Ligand SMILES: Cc1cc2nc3c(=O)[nH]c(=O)nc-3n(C[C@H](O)[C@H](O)[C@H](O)COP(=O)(O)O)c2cc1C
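Presented as structure tokens, the chain that follows is alone, the form predicted on its own.
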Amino acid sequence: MNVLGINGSPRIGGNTDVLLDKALEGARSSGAQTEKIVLNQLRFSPCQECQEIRDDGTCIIEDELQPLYRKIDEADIIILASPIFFGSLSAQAKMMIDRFQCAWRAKYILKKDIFQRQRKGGFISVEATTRKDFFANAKSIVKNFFLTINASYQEELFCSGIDEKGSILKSPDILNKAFELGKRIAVI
């Protein structure tokens, strides 16, 4: 079982990052191999809505996001983690998702599914307020992304009222929930 964790937070060691690490630790405890990508450490452009596009579902922009397409295709499980910014995903997470417009076009317009095999998906999100509609907004975007890459949305962990960097470390119950999410999702 190959689990790919994608961190959409700009804060290394922040609450989102810590929870993703816990989920990946849980997945490893179930025997999975894990890898974590930190989007903020990649140099990549947002979707340019290119006029000249490929019909194979791949993006023509050559940057550090290209290897991520292959890693997602090879993964059995994707866990996306993002803080809530302005009522939705972080810019890093949304920018990455937007770059899958080429795969969406291939799948839904050209009827070519480049992510042919099924995989599982999980979503972890943290926000400072207690607005449930913010999680709902982010979740709808993640679910569309997961549909495009053939990932069934199976797990989620939403943590509200968490703001200060590292404050999640004072909540062992939430850390355990992230661990258990990773453990559950890695089971065949």
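Since this is a predicted model, take the numbers as computed values, not measurements. Numbers for residues come from their place in the sequence shown, where the first is 1.
Below: the form predicted together with the named molecule, not depicted.
Every member of the trio P83, F86 and V126 reaches the named molecule in the model of the complex with some non-hydrogen atom inside 4.5 Å. By the criterion of a heavy atom within 4.5 Å, E64 is excluded from the residues contacting the named molecule in the model of the complex. The closest non-hydrogen atom of F44 lies beyond 4.5 Å of the named molecule in the model of the complex. Among heavy atoms of D163, some come within 4.5 Å of the named molecule in the model of the complex.
Remark: F134 counts among the residues lining the named molecule in the model of the complex, judged by a heavy atom distance of 4.5 Å or less. This chain is displayed without the named molecule, yet in the model of the complex the stretch 155 to 163 from 155 to 163, 53 to 61, 139 to 147, 35 to 43 comes within 4.5 Å of it by heavy atoms.
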